[in-house]
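Take a look at this single chain, the form predicted on its own, given in C-alpha cells.
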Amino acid sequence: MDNEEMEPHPSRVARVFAVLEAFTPARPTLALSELARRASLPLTTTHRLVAELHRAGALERQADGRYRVGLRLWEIASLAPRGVPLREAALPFLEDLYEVTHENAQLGVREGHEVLYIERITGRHAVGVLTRVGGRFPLHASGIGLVLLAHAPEHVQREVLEGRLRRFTDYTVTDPRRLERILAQVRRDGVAISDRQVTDDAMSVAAPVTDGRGTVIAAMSVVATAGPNVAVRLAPVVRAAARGTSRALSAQRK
C-alpha cells in the first residue's frame, strides 16, 4: 500500500478537484505536465488521477495528447438541484426578455462572494459582456451581483464590504460606504442598476427572483449598451420577468 492510499479520502478528493480546477476558459486544454504544474501535484500522481478521470469520462484525451473536460462532468453537473428547476422556470422569461430587448438576458445565483451565471441568452449585435454560463464574477460590480449582495446574509455583506473591491472601470464602486448605500437602495427599489461598472460601454439592470417562501435565491438581468434612459426603459421588463420566474418557482412547490 503506497502513501497516497493510506491518506484520508478527502485528500484524494482534493487532488482530483485540483486537477479539474486547473482548466480555465483561457486554458481549456492542457498537457499532462501543465496539469501537474497548475494543480501543484507530482507528475506521477497527476498521471494516475488523469488516467482514472479519463476512464470515467470526466476528462477527454485529444489526438495531440492534451486533455480537456469531458461531457460526463457536464452531464453530472446538469443535475444540480439549484440549477435545473430554476433554469426551467426562468428560461421562458429570459427568452421573452431577449425578444423584447434583443440584448443579453442573464440569470445568476450567489456562490459565496461571487455570482455564478447559470443561463444567458444573447444576440450577435448585443453589447459584449465578460460573463459566461458557468462563469463566476464578484458580487459588488454587476447588476445581478448587486441584487444578490443586497439580499445576502448580513455576514456575507460585511465580508464583501470589508474585503477587496476590485475595480473594473473608472465607474466601479469601490467605496464600502457608498456601496452600502447602493445596496439599501436596491432593497428599497427592487431593482439594481450597474452603470458601466464592469465595462465602459454596458449597463446592467437586474431584479431579484424569489422562491415560494419569498427568499431571494437568484437574480435576472438585461445588459445593454449604456446610454440615457436605458435603465428607465429596461427596469419594468426585467422586474416583470423576475416576478414571472418567481411565480413559476412558487407553483413548482405546490
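For clarity, every value in this text was computed on a predicted model and none was experimentally measured. From 1 onward, residues are counted along the sequence shown.
Below: the form predicted together with the DNA, not depicted.
Trainee: Just give me the single entry in Arg27, Arg68, His47, Arg196 that has a non-hydrogen atom within 4.5 angstroms of the DNA in the predicted complex.
Mentor: Looking at Arg27, Arg68, His47, Arg196 one by one, just His47 meets the 4.5 Å heavy-atom criterion.
Trainee: Only one of Gly212, Gly57, Pro42, Gly190 gets a heavy atom within 4.5 Å of the DNA in the predicted complex. Which one?
Mentor: None of the others qualify; the residue that does is Pro42.
Trainee: Can you tell me if Glu52 lies within 4.5 angstroms of the DNA in the predicted complex, counting non-hydrogen atoms only?
Mentor: Yes, Glu52 is a contact residue.
Trainee: Please check if Gln185 has a heavy atom lying within 4.5 Å of any heavy atom of the DNA in the predicted complex.
Mentor: So Gln185 does not count as contacting the DNA.
Trainee: Is Ser33 close enough to touch the DNA in the predicted complex, meaning at least one heavy atom pair within 4.5 Å?
Mentor: Taking the distances in the predicted complex, the answer for Ser33 is yes, it comes within 4.5 Å of the DNA.
Trainee: Arg136, His151 and Arg178 - do all three of these have some heavy atom no more than 4.5 Å from the DNA in the predicted complex?
Mentor: The answer is no: none of the three residues contacts the partner (heavy atom, 4.5 Å cut-off).
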